[in-house]
Every structure is written in C-alpha cells, then in structure tokens.
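This document starts with one chain, in the form predicted on its own, laid out as structure tokens.
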C-alpha cells in the first residue's frame, strides 16, 4: 500500500489511497496515517469528500437485476455468434486466397505458354528457320541424292512428303 504520509505526485495514487480508505481496506497504521494527513491537508480532505460523494452517487444508481444463469447463457451465445462469424470470415478469406492462387497459377501458365510461343516464333524467324523448315529433306538427303528424276521429287513435294503436308492440294 502507498505510504499515506508521502505526498504522491500523481492524482491517481492519491485516489487509490483514498478509495482504499473509504473501502476500509487499509491497515490500522495506514488508516491512522491517512487520518493524520486529512487533519493537516485541506486538498487531501477535499479530494476525500469528492470521492465520498461519487461513491454515494454510485450507490444511488439503480441496481441491475442480473440473473447469473441468463447472463452466462447470453454471454456464451454472444461468444458463439462471434466465433461463428470469425470462422465464416476465415473460410471466406481462405476461399478467396485459394481462388486468387488458382487464378495466379493459370495466368502464370498462360504467360509461360505465350512466352514460349513468342520465343519459338522469334527463334524460327532467324536464318536457321530455313534449315528447320527443310529438316525432313536434310534428314533424307542421302536417299534423295540417289534419285535422278527431278519430276519424281516434284511429285513427292506436291504430296507433302518433305513438309508433312497432305496431298489434298493437287
């Protein structure tokens, strides 16, 4: 307990001491010291009167008729409702996060496919693109060199043998 003879620096310490005095919570020695200070200090006595009047006004307020069982039930219901709302909010947040993650992954895949396509187009636009386009001919150059008839090779080209195209053009 605070020393009743000391002059507390804050109003809170004085109020706590005087509240303990009014509630009869002080030891006999502390009570005696407070009473001594009350006899000597007008501001200390004035503050005690203010607190005493406030206590009296609090006593004059109507008492709430509090049914413990009803109070507990209501409190538990409020906690249940609050917990339920928190769970719903959490679930909604979790669903939004999962959806955002799925959309992000889908967009990432689309971006990677697009970049792959663009990279492939860029690479094929280079001078070696002719080599890539003529790869079936290059792969079979040994066999094609043995053919002496150019009309036969033209017929094979029209059939799409070299490019993988079908013969529906002719």
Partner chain sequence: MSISESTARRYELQDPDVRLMLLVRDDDAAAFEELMLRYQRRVVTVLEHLVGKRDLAEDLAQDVFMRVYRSRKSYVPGSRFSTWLFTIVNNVASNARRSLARRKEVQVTNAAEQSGSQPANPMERIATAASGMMPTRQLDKSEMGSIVRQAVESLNERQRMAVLLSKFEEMSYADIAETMGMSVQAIKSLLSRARANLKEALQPYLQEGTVP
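This structure is a prediction, so every number in the text was calculated from the model and none was measured. Positions refer to the first chain, counted from 1.
Absent from the display: the form predicted in complex with the partner chain. The rest refers to it.
**Q** May I ask you to check whether residue 12 falls inside a 4.5 Å heavy atom distance of the partner chain in the model of the complex?
**A** Contact check for residue 12: yes, within 4.5 Å of the partner chain in the model of the complex.
**Q** Residue-level question: is residue 130 within 4.5 Å of the partner chain in the model of the complex, judged on heavy atoms?
**A** Residue 130: no, not in contact with the partner chain in the model of the complex.
**Q** Is the gap between residue 98 and the partner chain in the model of the complex 4.5 Å or less for some heavy atom pair?
**A** Output for residue 98 is no: heavy atoms all beyond 4.5 Å of the partner chain.
**Q** Any of the heavy atoms of residue 62 lying within 4.5 Å of the partner chain in the model of the complex?
**A** Residue 62 belongs to the contact set for the partner chain.
**Q** Picking from 54-62, 31-39, 111-119, 135-143, which part of the chain touches the partner chain in the model of the complex when contact means heavy atoms within 4.5 Å?
**A** One stretch meets the cut-off, namely 54-62.
**Q** Does any residue in 72-102 get within 4.5 Å of the partner chain in the model of the complex, counting heavy atoms only, and if so which ones?
**A** The stretch 72-102, when checked against the partner chain in the model of the complex, contributes 72, 74, 75, 76, 78, 79, 82, 86 at the 4.5 Å heavy-atom cut-off.
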